[in-house]
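Shown here is one chain on its own, the form predicted alone, set out as structure tokens.
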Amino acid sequence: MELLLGTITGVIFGFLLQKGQVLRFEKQVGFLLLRDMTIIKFMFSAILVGVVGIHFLNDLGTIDLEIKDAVIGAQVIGGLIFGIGWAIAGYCPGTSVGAFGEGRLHALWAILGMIAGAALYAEAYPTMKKTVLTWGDLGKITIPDVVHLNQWIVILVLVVVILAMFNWFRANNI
């Protein structure tokens, strides 16, 4: 059943990626050059749906939300590698697979880079586990923990800020 639900969710997400035009190389590069905010609008929409959905299901007891350790070193280095790969390839992992599925054969290079990066990470993991993955380990913290507010207040602020950004993008035609 989990595989079926995963497949259905993947198909829906792929459909939304395609309909949102975020699989287009021009949209990816337009965002990286800060000329087209289609990608950021799509990502923030997914974040809003995800954060509200996950916390709602957690509050209902349907799922168990497991907080991972916040490790600054891992986030900074991982973010840099992800960003550099995105800038070079013109695709992030999800959009590269979707673009390839649409027939954009050049996206295969991004997919191969992603696979090579995963293999390199697997090889480097034992060393990184003792170094990078310990730098700035803050433990299992969340933004609501840090600001000492109920999670739903923080989520409401996030929703308002993102909706204000969407409005600003629309008003400025970006």
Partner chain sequence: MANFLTKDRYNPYIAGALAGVLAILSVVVSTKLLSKPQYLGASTTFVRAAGMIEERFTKNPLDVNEYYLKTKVKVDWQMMFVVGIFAGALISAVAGGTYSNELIPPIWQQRFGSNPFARAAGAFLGGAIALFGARLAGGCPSGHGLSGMMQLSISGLIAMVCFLVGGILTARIIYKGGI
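Positions refer to the first chain, counted from 1. A quick note: this is a predicted structure, and the numbers were derived from the prediction, not measured. In this text, rigid core is short for the largest set of C-alphas that superpose within 1.5 Å between two forms.
The same protein also has a form predicted in complex with its partner chain, omitted here; what follows describes it.
With a 4.5 Å cutoff on heavy atoms, residue 148 does not count as touching its partner chain in the predicted complex; it lies far away.
In the predicted complex, residue 137 stays away from its partner chain, with no heavy atom inside 4.5 Å. Contact annotation: residue 59 falls outside 4.5 Å of its partner chain in the predicted complex, judged by heavy atom distances.
At the 4.5 Å threshold, heavy atoms of residue 160 stay clear of its partner chain in the predicted complex, well away from it. With contact defined as any non-hydrogen atom lying within 4.5 angstroms of its partner chain in the predicted complex, the contacting residues in 122-161 are 122, 123, 124, 125, 126, 128, 129, 132, 133, 141, 142, 143, 144, 146, 151, 154, 155, 158, given in sequence order. A displacement of 2 angstroms or greater separates the C-alpha positions of residue 67 between this form and the one not shown, with the rigid core held in common.
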